[in-house]
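Here's a solo chain for you in C-alpha cells, the form predicted on its own.
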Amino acid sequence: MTTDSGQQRIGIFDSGVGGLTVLRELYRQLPNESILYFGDTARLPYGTRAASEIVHFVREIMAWLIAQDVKMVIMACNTSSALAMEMVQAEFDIPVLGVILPGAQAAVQQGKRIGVIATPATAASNAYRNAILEMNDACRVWQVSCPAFVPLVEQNRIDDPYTYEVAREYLAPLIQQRIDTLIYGCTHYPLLAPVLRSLLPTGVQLIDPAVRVVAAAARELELLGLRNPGNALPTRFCVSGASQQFAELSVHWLGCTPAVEKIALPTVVRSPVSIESAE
C-alpha cells in the first residue's frame, strides 16, 4: 500500500467510453484526485449480456483495480451497478459507488413522471424503477430499452441521421406518457444529449447520474479522510480491447488524445452461485 492513502487513485470502470462522462465530472468536482480509468472494450456492449456474465466481468475488473492499489471504485456503468453491486459490496473491502441510487435520488427531487432510457440488461433489472418507487411511491416510472445507443456512441455516429431516427423511436412512448424527467440510464447516453434534447419537449428535465455519483464520491472521500492533499497525477487509461480505437474516440470527449494501455484482466473462477439471466 502507498504511504498516504489520499494519494492513491480512484478507479473508474465502464464497458467503453461512456464512463468518460463520469471522468469529466471527477475533473470538474475533484480536480486534485488521481484517476485510473478502465474500459472493458473487448467485451462491450454489456447491456445485451446475461446477468451472470456481467457479475463475472465485474469480479475480474474489481480484482484488477484493487491490485492497482486504488482507494475507491466508481462503477461508471449502469448495467454493472444494476446487476453486480450486491456482489461487489459483499466481496470487496473498499468503498464502491454505483450510479443507480444517485440517479434515482436526483430524479425523485425533480419530477413525478419519470422516464428511464437504459440498456436492455439495466431495464430488465428494474433497478431504477425499484429505487425510485422506494424513495417515493407516488412517482410513475416508464423504462425503455435502448440496445442501439451504446454501439452508435462507440462508433462515433452521434450526428448520423440514423441515430436521430433510433432516438425518436425510443423516446416516442415516453413522450406519449408526458414524462417530466428523463434519466440517462447508461453513462454513454449523456454523449447523445444534442440528439435527445432536440427530440424531447423543452420542459423535460434530464438527469445525468454521473454528476450525482461524483458528488457522492466527494462526500465519501471526505468522510473517510481519503481526499488527496496534493496535486493529481496524470490519468491512467487502460482497456481490454484496442487501445488506439479507444484513444481516437476519447479525443472527442476529453479534448486531447490520451495515452492508452491495453491490459489483460486476471482470470477469476466463476462463482458457483446461479444468477438469473437479465436478457
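Residue numbers here begin at 1 and follow the sequence given. From a predicted model like this one, the values you see are computed outputs, not experimental measurements.
The same protein also has a form predicted in complex with a small molecule, omitted here; what follows describes it.
Interface membership of Phe38, defined by any non-hydrogen atom within 4.5 Å of the small molecule in the predicted complex, is ruled out.
Contact check for Val150: a non-hydrogen atom falls within 4.5 Å of the small molecule in the predicted complex. Look at 40-48, 244-252, 23-31, 225-233: in the predicted complex, residues with non-hydrogen atoms within 4.5 angstroms of the small molecule sit in 40-48.
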